[in-house]
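Heads up, the chain below is alone and in the form predicted on its own; it's given as structure tokens.
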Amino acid sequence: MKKAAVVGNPVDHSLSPDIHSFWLNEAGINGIYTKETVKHENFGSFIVNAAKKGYSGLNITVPFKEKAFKLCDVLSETAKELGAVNLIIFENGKIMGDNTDGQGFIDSVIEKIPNLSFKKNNFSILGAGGAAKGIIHALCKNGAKNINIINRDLKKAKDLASSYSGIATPYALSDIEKGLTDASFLINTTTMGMKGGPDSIEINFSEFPKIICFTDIVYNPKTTSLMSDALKSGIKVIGGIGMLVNQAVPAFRAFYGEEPRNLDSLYLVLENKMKVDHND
């Protein structure tokens, strides 16, 4: 039996087991995918011994992506550039690391806007953490020329922008109006509005007529307060569930050697699960 898991702390909220279990069932694969809560001090030994325990690979979530990076024997170019790993594969006695977060975001946007030109749009990012880093990296790989990084801590925004000189411009949250003035895409990479997360800021989207799309990496709830505000202004919105599913595609392929099937049905399963969880 092929075995894989998502590793983090906390990890109880993760929908990754639902995603992979659905695909395993669709493909008729004799496999299992679990979620493992690991203490910080035990993370290294868990990774090093995982292959011996029968794992073909692991997904890594907060707060271990940078720790996982340091434990890998072989790294993809994306993982090297980001300094973080969300996918580990055990192969020929080696720990191999990759990062699929950013491309998962890109794929989720292309699902909704197939002919999108990244070169012809201006992007503004809320947040300057790990998710922002992965998404900005992927945007640049796909040709984005102008990216504004808006963050409460201006220094973090400046540090992240310095890695993309000539493309990225940092702004403090207090200067959000300047950061949104020319934006055609706004992306929330923070946990604002997430179930159990911090309250969201308020944005009057009608004041920024150039914004044509708002995307949120938060997937629970399905519609965040910022998404709702954007919809009221007639702006196209894309929620976070697509990113979650698309970053899982290469992981499933690596863990079980099969292509995922029936993505449309999977989205319905996940949405129904979140409705049940919301009503608990």
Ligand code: ATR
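The structure presented is a predicted model; accordingly, all values stated were derived computationally and were not measured. The first residue of the shown sequence is 1; numbering continues from there.
This protein has a second form, the form predicted together with the named molecule, left out of what is shown; the following refers to that one.
Partner proximity in the model of the complex, defined as non-hydrogen atoms within 4.5 angstroms of the named molecule, places exactly one of 109-117, 89-97, 126-134, 71-79 at the interface: 126-134. The named molecule is not shown here, and in the model of the complex it never comes within 4.5 Å of any heavy atom of I167. Taking the partner from the other structure, the named molecule in the model of the complex has a heavy atom within 4.5 Å of a heavy atom of P198.
The named molecule in the model of the complex is approached by L173, whose closest heavy atom lies within 4.5 angstroms of it. For the chain shown alone, T190 is a contact residue for the named molecule in the model of the complex, at least one non-hydrogen atom being within 4.5 angstroms. Checking K178, K210, R152, K145 against the named molecule in the model of the complex, a heavy atom within 4.5 Å turns up for just one residue: R152.
Interface residues of 42-79, taken as those with a heavy atom within 4.5 Å of the named molecule in the model of the complex (partner not displayed), are absent.
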